Each structure stands twice: as structure tokens, then as C-alpha cells.
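First, one chain by itself in C-alpha cells, the form predicted alone.
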Amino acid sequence: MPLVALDCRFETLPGPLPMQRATVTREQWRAAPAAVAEVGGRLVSLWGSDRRGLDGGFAVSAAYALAEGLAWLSLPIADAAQPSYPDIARAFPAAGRMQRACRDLLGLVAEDAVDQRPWLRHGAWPEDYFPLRREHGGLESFAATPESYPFVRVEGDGVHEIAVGPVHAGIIEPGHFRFAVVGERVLRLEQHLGYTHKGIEKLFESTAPLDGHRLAGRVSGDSTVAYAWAYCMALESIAACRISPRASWLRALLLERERVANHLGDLGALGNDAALGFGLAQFSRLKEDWLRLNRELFGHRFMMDRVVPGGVDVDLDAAGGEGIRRQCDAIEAEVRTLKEIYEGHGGLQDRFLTTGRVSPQLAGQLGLCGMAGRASGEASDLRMDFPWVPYDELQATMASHRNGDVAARVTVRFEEIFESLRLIREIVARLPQGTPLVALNPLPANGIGAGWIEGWRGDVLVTMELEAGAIRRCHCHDPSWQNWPLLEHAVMDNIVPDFPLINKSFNLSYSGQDL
């Protein structure tokens, strides 16, 4: 790792991707962000743990993505009465909301942080109650005491506010969006999320390790394969278990089918938001065909609970493979036709081009990642950066753009569909023989592992700590944490009616960043 300046000892975590972990001092924690930024690294996640009874206190962890792999730094916090740690949001702004969530859930305070407002609590539990602490069982109930959230006010002649949500029209998840506008031009957008808090991280503590993949797969339903794979990778890391090549290839098949399904749905919704109902009808039809074949071959439209510890609990025969190949050919032909229609439609392009732009400079500065990041020049994709089985043989190609507007994000989605269809055909044609599922090695009483997967929205991280054979801490991180703040910037200087279009071009998860 290029963090040798920190003079800390890294331990390698077993698994298919390069991941290392180190326990650091406060000085090393404080120095790490600058060292990471200097070599072009980025923050993946920040979270806290209650280790009282294990090693004496609390801990805060940060995971950084570097050219050599994932670096997981853990800082012990000895002061249990007033636990705190050095703020890192000045170097990596995406850490700000993560630090606020860490305070709401564990009472760990980021020292001198600019923003100390609550993020997840919403008055649902007392200010001095912290759900993830060991002494709490997660079943306590409190009378709700709703609090007024201190939004940042914008003053000036002609400025007024538009409050949208948290309850929306339709069936989308809840989130509050506060617009400051002059006429229809957006001066500022501020989000307040956290309305879908489900207690998932607490629920992991009472879930058997071999069953936790089912809970992980429900963190964000549109990324169930990515989360289940990341969870299983973490568990298999702790067990020092190597799954079969066939299982790895089948997992990749499911992951790419998940990617295609989401892009098909979003391309239709983007057409609809720009008044092209034809696009919604056609892409909805294609997505429905895609999901029906999932159900036929894998027993579930979204392939939920198909990735399990030790491999997958489904297999693919020759007839199923032929059905997938035929579907890929048919879908690709129709999507290429639809791409020509989208690109040649003057009204659509007028709405897409220059709308909701995030420049490469801003994307790099604020940590935009995943599909949206690749549309703004952030060329990062774990399948190419650290290709594991089977991506090390498939030679996947990264789709990227630099304009950073809705049009660029649409283009990246089209290109990723075509590449995923190619990968799916390759997987089906070259699927190794063997068993899709092996028995997991006995788990040690105590252990630490991590899983890191490139989902359709971006990289999904799952870290796990076992204690006395049970899950002491399981942290799941969604790339939406990084990308929600960028949406606030993307909307600035656009008109209010373009917000649904810009929002859909990102299609971030509410529940995935609200455990």
C-alpha cells in the first residue's frame, strides 16, 4: 500500500480482491486522507463499531480505494464516555453525512466537523440513545418527537423555497428536497434523507452468519445480487473458503443481468421524464421480458437469495444457456434501435444535453463514483481495476464519458448494456464445469472480513466482524452515499422541471444509504 508514510502494519484479508486492514493511531488517522488524496485515492466508506468487551472501547473505520486495492483503517477510541475522532470531511466531503450517521447510531463524534446536524434520527429516538451500542437490543420503543431540521436558508430578492417530500407522488421512497429558486431557476438544493431507517445493521447482530446474505440482499432491492455477493465474499474471507470457478462465473452472470435490468428500466423512465412515452413503453417491455427469464431460470425475477455462502444455489443447463443467448441477441438489436431513436430525437436531446452537469473536476473533488462517476470522467470500475474471477478472463471494457450531463449518463447506460450483454454471452459460452456450491469451511469464533463488488450503481462494500461465532458488526455501504450530495450540485442553475430528469439520471438509492 502507498500509505507507508503512516508507518502502520497492514494485514491482508483473504479473498479475490486486494484488501488490507490496519489499526492506526489518531495521528495516522488524521494523516491518512492527505496521503490517500495525494496518490489519487478516494474514500469508499466510514462507519463506527462498538467493541467494548472485545478490545476495550469503540472504533471508527474508513475504507479507501487505492490503485493497489482497498485499505481499511480502524481507529480505536478509548474514551467510552465521550468517544470522538478526527474529522476527515474536509479532505473527503462525502464523509460528512457518514460521520453524522455514525453519531446518530453510535454516539461517535467527529471533532470540529462543520456539520453536526442529525442525519438519521428524525426524532425517532432520544438524542442520548444510540441504537448500535451493545447495551441496546434494538427492540426499544420511544414516543416520536419530530424535530425541525435546520435547512440552510438562501436570502435575496425574489428568492423563495419549494419543499418537496418526504412523501412523494407515486411509489418512490421518501426523501425531503428543499429548493431555493428564483423563478424556475434553482439556486440551491438541500436534501434531508433518512426516512427509511430500518435497523438493518442492528438486525445483523441477531442473524446467524450463514443466513446474513438474505438480509444483505435486502439492503437495496435493485442491487440484491451485488450486496449478497459482497456479504458472501466477506464471510468466505473469514472462513478462508474458496468457491468453485463455476460458482464465480454464475455469480457474475447474475450480477450482469442485474445491471442490464436496471439500465433498461432507467432508460425508459428517462425517456418518459422528457415526454417520450414511447421510450418508457419499449424499455418497460424489454425489462419485463428480461425479468421473466430471470424467474424462469433462477426462480426469482430479481434473483434474490440466489447468491449464498459457498457459491450459488442455482445452476444453468444447456437449454437455459441457449435461452439467455437468444434473449441477449434480441434485446441488443432492439436497444440499438432505441439508442438511434433517442440520439436522433431533437426534443429528447434538447432536454438531455447540458442538463444536470457535473464536471470532471467537481466529480473528482467530491467523490462521485460508479456509473454516474464514469459519465463525469471518473474512470473507476472494480471489474477492470481489480479483475477477479471471471472478470480476469473476460476483459471487460469500461464505458466512460466526460460531459457529465444527463446525456452522458444516458450514453454510459447504453454502452454498459451492450458490454454486459457481451459478458453474459461469454459467460454462458465458457461456463466452467463443476459444482455451483461448496460447503463453507467452519467459521472461526472471531474474525474480520470484507467484500467489495461493482454493482450497477457503483461499488458496494460489506465489512464484517465476528465475535464468539456471532456477527458483532456488519456494515453495508451503498455508493449512493457518495452520489447524493453531487445531485445537489447537478441541479444548480437548472430549472425546477428538470429536477425529475436529473434525479432519474442518477437513480440513487434511498434505502441503500439508510440502514
Partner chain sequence: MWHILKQIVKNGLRTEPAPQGNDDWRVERAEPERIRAELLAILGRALTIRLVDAGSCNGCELELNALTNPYYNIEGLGIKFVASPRHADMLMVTGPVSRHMVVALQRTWQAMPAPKLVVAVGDCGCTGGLFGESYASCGKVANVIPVDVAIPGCPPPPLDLLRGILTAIRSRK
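Positions refer to the first chain, counted from 1. These figures come from a predicted structure and were not determined experimentally.
FYI, the form predicted in complex with its partner chain isn't displayed, but the following is about it.
Just one listed stretch, out of 359-367, 180-188, 119-127, 374-382, contacts its partner chain in the model of the complex at the 4.5 Å heavy atom level, and that stretch is 119-127. Residue-level contacts in the model of the complex: of Gln99, Ser220, Ser248, Ser237, one residue has a heavy atom within 4.5 Å of its partner chain, and it is Ser220. Proximity to its partner chain in the model of the complex, taken as a non-hydrogen atom within 4.5 angstroms, holds for one residue of Gly138, Gly347, Pro444, Pro432, which is Gly138. Using a 4.5 Å cutoff between non-hydrogen atoms, Tyr195 counts as a contact of its partner chain in the model of the complex. Although the partner is absent here, Leu338 sits close enough that one of its heavy atoms falls within 4.5 Å of its partner chain in the model of the complex.
Within this chain, Arg214 lines the site of its partner chain in the model of the complex, having a heavy atom no more than 4.5 Å away. Contact check for Gly323: every heavy atom lies farther than 4.5 Å from its partner chain in the model of the complex. The three residues Cys8, Pro14 and Val24 each lack any heavy atom within 4.5 Å of its partner chain in the model of the complex. Along 301-325, a non-hydrogen atom within 4.5 Å of its partner chain in the model of the complex is carried by Arg301, Phe302, Met304, in order along the sequence.
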